[in-house]
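Just one chain is shown here, as structure tokens, and it is the form predicted on its own.
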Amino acid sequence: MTTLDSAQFSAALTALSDDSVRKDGEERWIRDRGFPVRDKDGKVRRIVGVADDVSETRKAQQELLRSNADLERFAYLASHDLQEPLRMVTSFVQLLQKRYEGELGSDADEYISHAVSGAERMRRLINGLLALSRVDSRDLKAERVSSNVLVRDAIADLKVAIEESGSKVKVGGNLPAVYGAKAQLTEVFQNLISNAIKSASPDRPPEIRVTARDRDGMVEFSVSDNGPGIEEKDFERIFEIFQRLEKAQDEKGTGIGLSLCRRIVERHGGKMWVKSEPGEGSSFVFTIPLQSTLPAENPA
């Protein structure tokens, strides 16, 4: 039996993957693991190890990454290129409505109104797709931001909707600061508060509460409402793009907002989920790390 020092042990372990390049020049991905077996004096007597060929798994992962990147680029380019023709269609339809409303008959007024509504909905969908495609592609810089400022800015952006709906938005205490991209985190709060307003129960004005607490190196935020609630079977479905609850089909949402929120939170190293019971309102909960987890090339 040969006694190995640490350098020899490392060399022997590396040798487990010496066949990563085959004789024909093809590269293979090898995952090796090993550990030393020592005698009573602590000297390494032999190595027990295993080497696995994970080339196919690695190729599949790389192909998936390329595919996702291609889809993101396609979504961005397609959405961006649709903006100008849609703007032209919207402008002319609105011009028809302005100049000829009441002159072409009630049927014509109704048709033009549907066209204007459809164009506006298309505009919101395109903007939503653009925002979704940019979450992972934009270079973001993390900074230490006050959660109070994030919520304040979100509420300011929704001022008209809050006043028209008679909503009450309450913030529970002084919210902690976090590291993240300010614009994207503001967008999360804005989407969640906006959703609470849109999905309010018809028999009572919306009451929305934003709270936060520390939890294992994370800040756990909660945006709660007094709306109609969500059934458990829909907890995951509502976070899928274009998936909307049946009772929400007539609302002005696009079915992108919650998917966008979850994508932003995950980009920051957190998680998002919902807690709800039908008739008892909903709480959308998400975590943001106290320390930045955005890419190193975007330092705080």
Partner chain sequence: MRILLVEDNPAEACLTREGFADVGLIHELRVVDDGEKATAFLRREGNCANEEVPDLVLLDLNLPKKCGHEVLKDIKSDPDLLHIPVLVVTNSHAMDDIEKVYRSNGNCYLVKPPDLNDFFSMVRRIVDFWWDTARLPPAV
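Numbering follows the first chain given and starts at 1. Since we're looking at a predicted model, the values are computed, not measured.
A second form of this protein, the form predicted in complex with its partner chain, is not displayed here; the remarks below concern that form.
- Think of it this way: in the predicted complex, its partner chain has a heavy atom of just one of 84, 110, 164, 103 within 4.5 Å, and the residue is 84.
- This chain is drawn without its partner chain; in the predicted complex, the residue among 98, 204, 170, 215 with a heavy atom within 4.5 Å of it is 98.
- Across the options 196 to 204, 221 to 229, 89 to 97, 181 to 189, residues that bring heavy atoms within 4.5 Å of its partner chain in the predicted complex belong to 89 to 97.
- Although the partner is absent here, residue 123 lies within 4.5 Å of its partner chain in the predicted complex, judged by heavy atoms.
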